[in-house]
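Given next, in structure tokens, is a single chain: the form predicted alone.
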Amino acid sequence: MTSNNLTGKNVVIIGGTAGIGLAAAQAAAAAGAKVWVAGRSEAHIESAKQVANGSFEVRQADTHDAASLEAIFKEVGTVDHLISAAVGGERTLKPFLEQTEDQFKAAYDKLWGYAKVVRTGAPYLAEDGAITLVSGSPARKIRPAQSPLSCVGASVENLVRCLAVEMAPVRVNVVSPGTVDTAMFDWMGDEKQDKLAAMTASHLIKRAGTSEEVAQGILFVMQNGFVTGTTIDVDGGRILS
């Protein structure tokens, strides 16, 4: 295995102010990287600044706003690792025929956001740089009312394979989380833990994952110089259950 030391490497994480992206920022900074994270939520930005405590930079940017993305890339200069974990779109979790055309299309804002991150960031990538995107296990393990998650996730994973071929020797990979205990489920309120337990009861590992566990998958593809065009599943065995 060829491993890349992250010490002194410039890492940009779009969607890095909360959840999986924030955990990846903390892990990369701990590994010696110079890290910039960006998000669009003011609340998440302020919270990320508290978590960073000076260990990495926090900026505001939107995956659909090329100018805000480019401002960060210009500040960084040469980008060694570009990660996007941004949701980027609204997902309506209803059966396909119960969704409007606009609701289904809105889920693809995640894909368009990722495309803009890659297009805008590509000129700043180091020759041996790497791109990592985040999809999700519904791309290959389908449940009822998950068509937006599944279709968009599958598109992201296929985009990564296309980019890996076209952008070589730049490495491009995707990390696919399963059910992860993040703020995405906070709407469940006091029932969150019970509902997550029910959701994962049939999985091979019968619990929700953590942002930190998914972040370790992101660090793996960042550091392993022989991995490209690959989907790394960090899903507790969800797609096998």
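Keep in mind the model is a prediction, meaning the values are calculated, not measured. Position 1 is the first residue in the sequence shown; the rest follow in order.
A second form of this protein, the form predicted in complex with a small molecule, is not displayed here; the remarks below concern that form.
Q: Would you check, heavy atoms only and a 4.5 Å threshold, whether residue 110 touches the small molecule in the predicted complex?
A: Yes, contact at 4.5 Å.
Q: May I ask you to state whether residue 180 is within 4.5 Å of the small molecule in the predicted complex, using heavy atom distances?
A: Judged by the heavy-atom cut-off of 4.5 Å, residue 180 is in contact with the small molecule in the predicted complex.
Q: Should residue 126 be counted as a contact of the small molecule in the predicted complex, where contact means heavy atoms within 4.5 Å?
A: Looking in the predicted complex, residue contacts with the small molecule do not include residue 126, since no heavy atom lies within 4.5 Å.
Q: Even though the small molecule is not shown here, does residue 132 get within 4.5 Å of it in the predicted complex, heavy atoms only?
A: Heavy-atom contact with the small molecule at 4.5 Å: absent for residue 132.
Q: Counting any non-hydrogen atom inside 4.5 Å, which residue from 34, 49, 195, 64 sits next to the small molecule in the predicted complex?
A: Checking each option against the small molecule in the predicted complex, the one that comes within 4.5 Å is 64.
Q: Given a 4.5 Å cut-off on heavy atoms, tell me which of 118-126, 71-79, 92-100, 133-141 is the interface stretch with the small molecule in the predicted complex.
A: Heavy-atom contact with the partner occurs in 133-141.
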